[in-house]
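Just one chain is shown here, as structure tokens, and it is the form predicted on its own.
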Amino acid sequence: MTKIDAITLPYPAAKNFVGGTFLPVSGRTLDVITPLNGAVLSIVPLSTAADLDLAVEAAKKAFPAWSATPIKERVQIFYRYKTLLEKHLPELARLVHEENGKTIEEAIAEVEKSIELTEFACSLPQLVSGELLEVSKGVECRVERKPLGVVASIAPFNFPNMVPNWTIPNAIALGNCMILKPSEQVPLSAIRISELLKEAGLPDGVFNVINGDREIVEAICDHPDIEAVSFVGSTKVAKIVYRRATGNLKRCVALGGAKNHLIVLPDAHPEMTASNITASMSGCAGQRCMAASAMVAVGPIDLIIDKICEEAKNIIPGKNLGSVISKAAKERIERYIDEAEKAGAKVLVDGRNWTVEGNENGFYVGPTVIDFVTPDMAIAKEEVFGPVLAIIRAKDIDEALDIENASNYGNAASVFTQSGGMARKVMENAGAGMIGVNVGVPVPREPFSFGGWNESKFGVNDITGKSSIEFWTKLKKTTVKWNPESKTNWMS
């Protein structure tokens, strides 16, 4: 814990929220540091398995009444929650900006996405109405969706407001009670979300926040009363969480990292392509699993590469480019650039060693464009998670697709072209779960779900969109017969 008295910090301690109440901070704590300038914002408790037990007990206590509440009544709370998100949007965006480091404009867009996610949850009564069919004379079969019970959501640092809202509205509106474990690097948005849900009228215990590090993640995976776990983070940790949670007989969807390839063909529109790719690789400082991190240049497209470099030079850290999350992240990103350059790649735009005047202790990496990267280089294969674009040269579309398909990841892929035939070829053959045509960040909007393939996702179904209904509920089938006088057949 910092030696600075917590009372003097800009934000109160990020306490655990259990049973509708914020609990006193005890035990180990960690400083919450803003990457904008390296200052301490708050402190966060590093909770234990015993702390998790308290949250699970509160959720279990709330579950019978909450699950018995008709879904049309449950979603009324999310109508009110949506209104509160809209009302407090500037405040919520400022909080994201300060704890995560992204620009205010990006933070506003993040909260606006949370509003859209909540809006979708309000439509769930129309999507889970069940089925009823007379399957034989006088015999009816009925199918209903029922909540699982206590579920958990483990969220990353890069979207402190949006990713929690990937899971909170849908899982809770469908009748579950939830434990949210935010990243210990950005716990403040989760605390504010808990306050707004309580203000919206969510009963105590239905939503709980437990802060912590690896110990709490492991405790969530092991807890016998948690029925399902969602995780968003690196592939390395996603594998561990998926194996541990499913090994304890839980449902789990674990979203991992990415290496998204943007294939650029010679007929691509130069201005649109350069603008889209630059925004994709640098947005949120490249700290998103949909960022364009590898561009596959097919044939003679040096004009487009030149335009990308021009666009990149107009992106200035501290002005229209946010910080990366930590000093360690900055060092890791710059190490990838160093290694690629030593291996023979050419740095066209160099974002290393950047300092922002007035925020000299912040963690900034400028936009970086690297040409003549080869597929065997680490920067071509591994997730850098920074504002870095690696350009790989390919002689034709088939070689470009071979490069894309060779990736262990499979989150997203895009193609830039004016040819419908070439676009269709990439759509059909790219090995990724989300495809874009002339789109730098092919994130589907509600009601379509977010999710990739290969080592970008572990588990079935989704945690967002319409298909999340399958993950957050279970089916109950009922067969009814009331007429003993009807002719006997195999059904009776």
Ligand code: NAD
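From 1 onward, residues are counted along the sequence shown. Here the structure is a predicted model, which is why all the values come from computation and not from measurement.
Form predicted in complex with the ligand: not shown, discussed below.
- Taking a 4.5 Å heavy atom cutoff to the ligand in the model of the complex, the contact residue among 321, 264, 289, 390 is 289.
- This chain is displayed alone, yet in the model of the complex one of 96, 258, 277, 177 has a heavy atom within 4.5 Å of the ligand; that residue is 258.
- Using a 4.5 angstroms limit between non-hydrogen atoms, residue 213 touches the ligand in the model of the complex.
- Using a 4.5 angstroms threshold between heavy atoms, residue 403 stays clear of the ligand in the model of the complex.
- Within this chain, residue 169 is remote from the site of the ligand in the model of the complex, having no heavy atom within 4.5 Å.
- Although the partner is absent here, residue 155 sits close enough that one of its heavy atoms falls within 4.5 Å of the ligand in the model of the complex.
- Only one listed stretch (304 to 312, 179 to 187, 71 to 79, 96 to 104) carries heavy atoms within 4.5 Å of the ligand in the model of the complex, and that stretch is 179 to 187.
- Annotated contacts: 32, 34 and 359 are all free of the ligand in the model of the complex [non-hydrogen atom within 4.5 angstroms].
- Along 231 to 263, these residues reach a heavy atom to within 4.5 Å of the ligand in the model of the complex: 231, 232, 233, 234, 237, 240, 255, 256, 257, 258.
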